[in-house]
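What follows are C-alpha cells for two forms of the same protein chain, given separately as structure 1 and structure 2.
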Structure 1
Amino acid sequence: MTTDISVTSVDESRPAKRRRSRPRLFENRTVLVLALLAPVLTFFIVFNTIPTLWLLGLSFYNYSLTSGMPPDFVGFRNFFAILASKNAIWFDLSRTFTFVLCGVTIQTLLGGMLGFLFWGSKKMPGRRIALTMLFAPMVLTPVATGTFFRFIYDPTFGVLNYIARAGFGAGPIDFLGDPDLAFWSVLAVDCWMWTPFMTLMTLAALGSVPTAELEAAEIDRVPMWRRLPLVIWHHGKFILMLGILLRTIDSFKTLDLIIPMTKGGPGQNTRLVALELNKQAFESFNMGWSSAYAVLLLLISIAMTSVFIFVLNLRRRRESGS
C-alpha cells in the first residue's frame, strides 16, 4: 500500500508536458493553404489576369499611340476587320500551322529515336557527356541562336556555303534570301534547338515504365515492335503527349527566332502570327487592332489545348472503363 502511494506521489510530482500551441490563425486548414498560395496568386493576378483583362477591353477600341487621339469605342469592328482581311491573319495562320505541324512532327520523331538510343545504351562510355552536349541547344536563348545561324547561313562567309563549295562544288546558296529555302532553313534551326526537349520528354516517358513489366516482356521474348504499344506506350504516352502539347503551344508563338534571322522575309515567307502581332503593336503602335489580333490568337490556342486535353481524357476514360 505504501508503494502505491509513493508511486502516485512521484507521478504527480512530475511536471506535465507542455503541448506546442499553434497560432489560432492557422488552425483552419483552408486559411493555411490560402496563406501559402497568396504570393503565387498575387503574382498570377498582377502579371497575368489584369493584363489579359486590359487586353480584352482594349480590343474593342480604336486606339493608336502615335495619333494623339483618345481611345474610340468601336465594338467588334477590329475583329471583323481582321477576319475579313485576306492577308492579315489567314496567310499568317497557314504559314504558322505549317511551321507548327512540320516542326513538332520532326522534333517528336527525332527526339523519340534519340531518347530510345540513350535509354537503351545506359552503359555506353561517354553517355553523360553526350547527353550534356545534346541538351546544350535547348539552353541557348532563341535570339542568340538565330543570330548564330544567320552568320552560318550567310552566302558570302557562312560555314554551310564553305562546305557546299569545298565538298560539292556548289555555288553560293542564299538560305535566308531564297523564297524556296528561307522557311525551311528557319524550321531546321527550330528543330535543331528543340529536338533535345522531346528527347528529354521521351527519356522521362521511358523512365515511367515499370521495370518488372519490361523484364517480364523480355523473359517472354516479346519482340520490341510489340513491346512499344503494349508496355512502353501504355505507361509513357501521357508524358510524351504532354511534351507534344508544350511544344505545340511554344511553337505557335515563335518570334524571337524569326526576328534575328529573316524578320519575316523574304517577302512574307517566314511571317508567322507572332511576328505580325509584334509588328502591329510595337512598330505601328496600333494598340486596338493588335489587341484584337492577340485575343483571336489566344482563343485559337485555348481551342487547340482544349481539344488536345479532351482527346487525352477520352483515351484515359476508355482505358479505365475497359
Structure 2
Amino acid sequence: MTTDISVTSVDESRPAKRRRSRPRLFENRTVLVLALLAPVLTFFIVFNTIPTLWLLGLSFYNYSLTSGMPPDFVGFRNFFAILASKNAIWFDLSRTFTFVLCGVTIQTLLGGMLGFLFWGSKKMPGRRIALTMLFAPMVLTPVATGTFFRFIYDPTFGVLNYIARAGFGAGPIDFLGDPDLAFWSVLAVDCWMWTPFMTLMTLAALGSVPTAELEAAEIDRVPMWRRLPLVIWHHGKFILMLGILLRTIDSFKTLDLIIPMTKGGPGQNTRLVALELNKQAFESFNMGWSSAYAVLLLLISIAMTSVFIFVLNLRRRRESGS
C-alpha cells in the first residue's frame, strides 16, 4: 500500500483497484517496444519507405505525366541519359558545389569571427534583443527572404542600387539579371541568412571550452594566439565541425530561396540540383527521368548523412573516453 502511494500519490481508495485493472500486456518487453515504435514506423512506412521504393522503381521507367502514355520500362537508360548528358547533372552539380563551397567558407569565416566578437558579451545591455535581431535571418522562410531581396536588389528602385550609386557612383546594377552577377548575388543572400548560424555554432563551440582550462591559460600567461590551437580548438572543433557539416548538407538543398529571386536563371547561372529537379518534375512532369535524378541525389545525401553521423560518433566516443 505504501509503495503505491509513493509512486502515484493519489487518494488511498484507488490504488488497489488500479493494480488489478492495469493491462498486463505492456509488461512484456517486446510488446512494449513494438507499441512504442508502431506510430513512428507506420508514419515512416506510409510516407517514406513506400514512396522511396516507388521512386526507385520509377527511375527505371520512361514515364511522363503529360504524354498520357503508360510507363515504359527502359532499364538504366534514365541514369545513362543523366550521367552522359553534358548539360544535366554535371553542370548542376558543379554549380551546386561551387555554391556550397563558397557559401559555407564565407559563412564559417565570417560567422566564426562574429562568434569570437560576441563571446564576451554576456553582460551586454539588451543582449537578448540584439541576438534576436542577429539570428532572425535564419528562421525566416526562404520564400519571403528571396522575394524581399528581389525588392532590395531591384535595378531601378532597389535600396542597394541607391547605396551603390550614392556611395560609389556606380550605374544601375542589375544584380539578379546580369549573368555574371546573379550567382554571387544569390550567394550573398544565402550568406546573409546563414552567417548567424555559424556564429551560433561558434558561440556553442566556445562555450564548450571548460572555464577552468581558460583560467589556467590566463594564469600561465599563455598568449592568445597560442591559446587558440591549444585550448579552444581542442575543445571546440567537434561542434564547429558539426556546424559546417549541417550547413553543407542544408546548403546542398537550397531551393526556395532561389525560386523567387531568379528561378535558376539568367540562362542556367543559378540552376542548382534542387531547382533542376523541381523544374523537371513539377513543370515538365518527366517523372521517370526525375526519379532517376532524385535517386542520384539520394545517394549523395546518404553519403553526407553518414559523414555527419561519423563525426557525431567521434565526439561521443571522445566524450565517454575522457
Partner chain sequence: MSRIREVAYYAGLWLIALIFFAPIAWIVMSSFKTRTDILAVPPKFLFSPTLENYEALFSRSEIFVQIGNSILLSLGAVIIAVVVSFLAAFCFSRFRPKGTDFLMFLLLSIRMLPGPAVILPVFLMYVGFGWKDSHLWLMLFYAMFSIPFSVWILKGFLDGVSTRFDETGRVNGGSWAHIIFKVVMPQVRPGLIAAFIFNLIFVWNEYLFNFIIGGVNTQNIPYALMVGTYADGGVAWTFIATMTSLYLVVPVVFIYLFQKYLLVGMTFGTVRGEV
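All values derive from a computational prediction rather than experimental measurement. Under this definition, the rigid core comprises the largest set of C-alpha atoms superposing within 1.5 Å between the forms. Numbering for residues begins at 1 and runs along the sequence of structure 1.
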| property | result |
| --- | --- |
| Assignment: the form predicted in complex with the partner chain | 2 |
| Residue shift check between structures 1 and 2, rigid core fit, F238 Cα at least 2 Å | no |
| C-alpha of S284 moved at least 2 Å between structures 1 and 2 on rigid core | no |
| Core-superposed C-alpha of A212 shifting 2 Å or more between structures 1 and 2 | no |
| Cα displacement of V33 between structures 1 and 2, core-superposed (Å) | 4.7 |
